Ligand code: UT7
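Form predicted alone, single chain, as structure tokens, below.
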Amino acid sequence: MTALSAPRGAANARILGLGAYRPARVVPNSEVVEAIDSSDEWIQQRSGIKSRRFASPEETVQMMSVAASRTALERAGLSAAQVDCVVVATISHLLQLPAVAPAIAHELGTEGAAAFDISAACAGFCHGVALAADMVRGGSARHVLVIGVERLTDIVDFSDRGTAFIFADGAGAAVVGPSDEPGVGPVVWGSDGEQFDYIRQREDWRDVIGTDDAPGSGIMPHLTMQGNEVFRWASFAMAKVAQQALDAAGIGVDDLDLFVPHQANMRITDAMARSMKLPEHVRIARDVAEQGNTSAASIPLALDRLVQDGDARSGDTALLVGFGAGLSYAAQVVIVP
């Protein structure tokens, strides 16, 4: 039997740098209420959202990703040529193929880095971080760029009272690389496909109707969500997943500095914090209030906001919990770069 060489990676992995891109346009609740017969008070009470960011036509998935990635690389002290792999978590890159990751890798100036997209919706960034850490430790890459990016305004029905006020656009990026000490804890992830229909595209792509003059210019498959069911699942089931991630990392809630859940809804964040009995010293990300729900981009955007506002410092211990369509989830403890 022929013996094969086995790759050897770093003993540990950590996040080396963070970057974020927020679209320029700020959209207050007052701009979305009329189409859904609602009010600013109702939206804030239901979700905690005061405003959100909408991308312009120029602020594409690729453009926002490249901007966030360049910041992350600069903060990590690395060049694009040192990136071995680019992982993009998104559900709003509207080409079925090719993936957007190779185009991003090329524009950044990587030297033929491996590049692929993953589709795990709001849990996508945490999935990407887990994959990146495993690559670094397994030896298939030394530096991995993980991007969470969405242009959800392309697939939102702005007359849908259940979703129109929730979703928004943006991008966040993290560079994962080797470390002397553990900086990314074991991932706790999974799915509950029995509840597959709770968050989904309303229409199948096969049902999109075009015309002879403009093929494919018909109905856009919009997002739809069973809000009450998702709220109950996320508020309670995800608190258990969060505790499992702490246990896997070998720490308790008292050891945490930051709690950075997917920015779905302020009520979900509050319910999870109560269920976990988070101590008062733990700083909780609440980026959803001004950013809205950006699905795969929400966790890196929220973590970067904490850092930029001075609420998080290098070396802090943060618990990340992503959850959403699928229903899919992933959680891990990380050290802030």
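The first residue of the sequence shown is number 1, and the count goes up from there. This is a predicted model, so every value here is computed, not measured.
Below: the form predicted together with this ligand, not depicted.
Contact with this ligand in the model of the complex, defined as a heavy atom within 4.5 Å, is made by all three of 165, 225 and 264. Of the candidate stretches 132 to 140, 229 to 237, 101 to 109, 82 to 90, only 229 to 237 has residues with heavy atoms within 4.5 Å of this ligand in the model of the complex. Taking 283, 286, 46, 50 one by one, only a single residue has any non-hydrogen atom within 4.5 Å of this ligand in the model of the complex, and it is 46. Interface residue among 268, 55, 66, 312, judged by heavy atoms within 4.5 Å of this ligand in the model of the complex: 268. Contact between residue 62 and this ligand in the model of the complex is not found at the 4.5 Å heavy atom cutoff.
Although the partner is absent here, residue 199 lies within 4.5 Å of this ligand in the model of the complex, judged by heavy atoms.
In the model of the complex, residue 27 stays away from this ligand, with no heavy atom inside 4.5 Å. Not displayed here, this ligand is kept clear of residue 34 by more than 4.5 Å at the level of heavy atoms in the model of the complex. Of all the residues from 311 to 337, those having a non-hydrogen atom no more than 4.5 Å from this ligand in the model of the complex are 323, 324.
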